[in-house]
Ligand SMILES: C[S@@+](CC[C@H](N)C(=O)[O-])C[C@H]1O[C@@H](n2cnc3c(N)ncnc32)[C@H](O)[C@@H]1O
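Okay, so here's just one chain, in structure tokens, the form predicted alone.
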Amino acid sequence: MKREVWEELWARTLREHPDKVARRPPNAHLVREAAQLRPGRALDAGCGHGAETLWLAALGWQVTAVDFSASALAQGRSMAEAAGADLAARIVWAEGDLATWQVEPEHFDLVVCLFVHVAGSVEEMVQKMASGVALGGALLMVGHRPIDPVTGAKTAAAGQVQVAVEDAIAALDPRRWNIVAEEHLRAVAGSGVDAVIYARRVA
């Protein structure tokens, strides 16, 4: 999705549904996987308005939150400030396109990349996100399948390219990563499945 289109989508959503956006909980896959991790440095790549960023910061993580929507970042920054100075100080908000934004190598204890629309090679995007994970750290990527495998119908991700299980398995070296890559049915019938990739760097 082009940057200007995404910016307009976020601006309209925040204008028309500010309360709904503010109440959106962090992603359940992140909550399940990261709740047991010791807080350190995290990257929320494609953070949107920052629901996951705020949740991580509240747990004590130092979070770098990257998105290419200025409106979404402004909303996240405002919500962080409203949550208190201590929490807000643990977040660095960065405007950038993940296709060109440079990930600091082996810097993060957790890299999160949820439902990002990939322009180009998905395997290369997985490898790019993985390059930022420090030894002993974790990578969590989630993608929404564009077609529901049960019904064959298009989902909300139709026309998009997002990470899939097979992409992650092809991109990550099993000698360096402990990988769990699975598909999970979404709670709403007919809305398709999520590909959930959780990998711990071991070498």
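These numbers were taken from a predicted model, which means no experiment stands behind them. Note that residue numbering follows the sequence shown and begins at 1.
The same protein also exists as the form predicted in complex with the ligand; that form is not shown, yet it is the one meant from here on.
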Taking the ligand as it sits in the predicted complex, is residue 64 in contact with it (heavy atom to heavy atom, 4.5 Å or less)?
no
Contact flag, residue 103 vs the ligand in the predicted complex, heavy atom cut 4.5 Å:
no
Partner proximity in the predicted complex: residue 68 to the ligand, non-hydrogen atom cutoff 4.5 Å:
yes
Quick check on residue 24: any heavy atom within 4.5 Å of the ligand in the predicted complex?
yes
Please name which of the stretches 28 to 36, 44 to 52, 150 to 158, 167 to 175 has residues with heavy atoms lying within 4.5 Å of the ligand in the predicted complex.
44 to 52
Single option in 110, 91, 118, 130 placed near the ligand in the predicted complex, where near means a heavy atom within 4.5 Å:
118
Across 84 to 110, which residues bring a heavy atom to within 4.5 Å of the ligand in the predicted complex?
96, 97, 98, 99
